[in-house]
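Taking the form predicted alone, here's one chain by itself in structure tokens.
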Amino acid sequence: MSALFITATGTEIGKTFITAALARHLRGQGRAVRALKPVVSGFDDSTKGDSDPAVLLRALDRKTTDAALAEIAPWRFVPPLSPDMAARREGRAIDFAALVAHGRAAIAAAGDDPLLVEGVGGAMVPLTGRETVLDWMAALGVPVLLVAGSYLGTISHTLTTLAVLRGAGLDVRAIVLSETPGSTVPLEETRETIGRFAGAVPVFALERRGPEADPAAMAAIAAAARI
């Protein structure tokens, strides 16, 4: 099994950017990588080509067809809210058992090929009236990559999320600080500070200088994540 769950300290942090960059890196190595973003809120069918699932499909060199979207993102909701709130607005609900079964089936189908599973929002975002993304990760039991921003306050948010993930018995392979546009917080200083409290978990600082991530940085992140 070679699966990795990509979660974050919150929403609009850079999970999709990192997941897509990892997919491109792995494909560049000639590997048959797969990627999923099973749950999406704020999905507008009229702009589906700009959606997070579409970004992942392009990273896999696949077209954004309705069938492809349904395959990698079967739980899609229009309201830009937490999944449980978005589902209620639409008179729907996420079947948590079905969500976990979907992930386990994908892991089994991938075999030794890399599988990237991107979460939704942050690690504690509610999926149902009882379960959160943390419960989803724990049920799948695969290693985790934690993505955080570089804004003021990210140190506390990152270390708190790390503690929660560890408390659930999850294997956190690495932390990636995805540079927050316009942040006045020094990126490298933030990485060093978080690293002093993260123990054995490596911390990477990823500058956002364009639409593509730095290839050397992604190679290092992939190696640390052992994917």
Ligand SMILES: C[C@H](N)[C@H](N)CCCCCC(=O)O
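Predicted model, so just to flag it, every value in this text is computed and none were measured. Throughout, we count residues from 1 along the sequence that is shown.
This next part talks about the form predicted together with the ligand, which is not shown.
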Next item on the list: Assess the spot marked by 155, 193 and 198: is the ligand within 4.5 Å of a heavy atom from every one of these residues in the model of the complex?
Entry: no
Checklist line | Selected contact from 134, 120, 115, 146, since only one has a non-hydrogen atom within 4.5 angstroms of the ligand in the model of the complex | finding: 120
Item checked: Residue (of 73, 99, 125, 87) lying close to the ligand in the model of the complex, criterion heavy atoms within 4.5 Å -> 125
Check: Does the ligand get within 4.5 angstroms of any non-hydrogen atom of residue 41 in the model of the complex?
Finding: yes
Check: With the partner left out of view, is residue 94 within 4.5 angstroms of the ligand in the model of the complex by any non-hydrogen atom?
Finding: no
Note to self: Taking the ligand as it sits in the model of the complex, is residue 81 in contact with it (heavy atom to heavy atom, 4.5 Å or less)?
What the structure shows: yes
Margin query: Residue by residue through 11-40, which ones have a non-hydrogen atom no more than 4.5 angstroms from the ligand in the model of the complex?
Written below: 11, 12
